[in-house]
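Just one chain is shown here, as structure tokens, and it is the form predicted alone.
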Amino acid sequence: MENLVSWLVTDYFSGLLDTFVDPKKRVSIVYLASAIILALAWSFFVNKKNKNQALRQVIKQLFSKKIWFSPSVRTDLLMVVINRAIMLTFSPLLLSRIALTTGLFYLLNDYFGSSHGILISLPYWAAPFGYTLFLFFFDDFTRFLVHKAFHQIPFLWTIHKVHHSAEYLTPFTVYRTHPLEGIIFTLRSIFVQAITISFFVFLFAGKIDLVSIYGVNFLLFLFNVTGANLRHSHFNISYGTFLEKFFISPAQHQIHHSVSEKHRDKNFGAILAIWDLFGKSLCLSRPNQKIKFGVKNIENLDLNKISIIYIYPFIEMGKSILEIVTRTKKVQ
């Protein structure tokens, strides 16, 4: 009993609190506040509304009772609580970032030992800036690849569909993910960081520091503080035709959540749009676009019911495996 209480206090509840105060977390109060300020500024300066109209628009699109009291958002908030417990339980079983980083470093040393520290003579700022930029681009690119795989591989779509089943978007929709998706993205992050750290430590023969703001990659911090949370919202902010070919705007990510067939498999990028541009999956936003969020519910399931969200993907996976086995037998 004491262990359970200790776990709840030191691990579970403290982790939930960190969700709102840790600048490494997407829904940190700093980023939530900056998103509200940006929405007000956008409504006033870009949409040319007066102060009262701007305030009403922000309240309607960010704080509407219709949104926050919907079954969809209630489910999002409940999943924040449940997924925290699940990930705490399984995280000790996942691959250690330190162990993987160490192993990769020694592997590089064994095969390319003659190149160890080859860049050590560069100016002192080259290592931290090179490391920070490489990590940012590598991390964003792998997010794009994994995200695209979740959409285009049926086995993975059964899991990712949970996230897209949200009918209303709020910053907490980012936590509307099946635990299996959470584990896969956690492993992705571990591999990205381990590869990057071991590579740069090998090249610069020493400790590598991140160029950061409050412990966060400064590029990622800029992304979060400039309205990242508006991506999961009903507030439409477009960057314009030119910039949206390089950066994913909130309006573009809202297109990604569209139930419309014409928006299917568009805008997989997290921050950068260049991956979608090269992959021909980029979709630019339109002024005052009207989008219905969610997925086509062919099975007529209650996609806001917790038991359906957590269990039904396994049923769908079982059906997919059974179909594959059946087709294989017919071919034989």
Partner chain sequence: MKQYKKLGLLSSAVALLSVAACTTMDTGMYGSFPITVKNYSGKSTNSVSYTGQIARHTLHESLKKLAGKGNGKSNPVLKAKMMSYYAGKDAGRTILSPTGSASFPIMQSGVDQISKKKNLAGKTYKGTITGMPNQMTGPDLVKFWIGKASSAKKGQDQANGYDYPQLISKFIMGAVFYNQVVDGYLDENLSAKKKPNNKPYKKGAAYTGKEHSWDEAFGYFGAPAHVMSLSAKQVYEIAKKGSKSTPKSNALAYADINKDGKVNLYGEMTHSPAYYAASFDKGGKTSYLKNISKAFLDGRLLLASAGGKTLSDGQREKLRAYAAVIESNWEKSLAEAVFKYAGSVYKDLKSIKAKGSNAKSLKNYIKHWGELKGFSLSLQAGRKNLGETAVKLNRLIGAGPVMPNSSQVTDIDSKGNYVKSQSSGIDNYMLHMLKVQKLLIDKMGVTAQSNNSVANMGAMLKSLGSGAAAEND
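Quick caveat, the model's predicted, so the values are computed rather than measured. Numbering follows the first chain given and starts at 1.
Another form, the form predicted together with its partner chain, is not on view; read the next lines as being about it.
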Check each of 230, 162, 135, 169 and return the one that places a heavy atom within 4.5 angstroms of its partner chain in the model of the complex. 135
Which of 153, 85, 120, 213 has a heavy atom within 4.5 Å of its partner chain in the model of the complex? 120
Taking its partner chain as it sits in the model of the complex, is residue 207 in contact with it (heavy atom to heavy atom, 4.5 Å or less)? yes
Residue 145, heavy atom within 4.5 angstroms of its partner chain in the model of the complex: no
Given that the partner is absent here, does residue 266 sit within 4.5 Å of its partner chain in the model of the complex, heavy atoms only? no
Taking any heavy atom pair closer than or equal to 4.5 Å as contact, tell me whether residue 26 reaches its partner chain in the model of the complex. yes
For the spot marked by 318, 326 and 328, is every residue within 4.5 Å of its partner chain in the model of the complex through some heavy atom? no
Proximity to its partner chain in the model of the complex (heavy atom, within 4.5 Å), stretch among 70 to 78, 233 to 241, 258 to 266, 112 to 120: 112 to 120
May I ask you to list the residues of 54 to 73 that have any heavy atom within 4.5 angstroms of its partner chain in the model of the complex, in sequence order? none
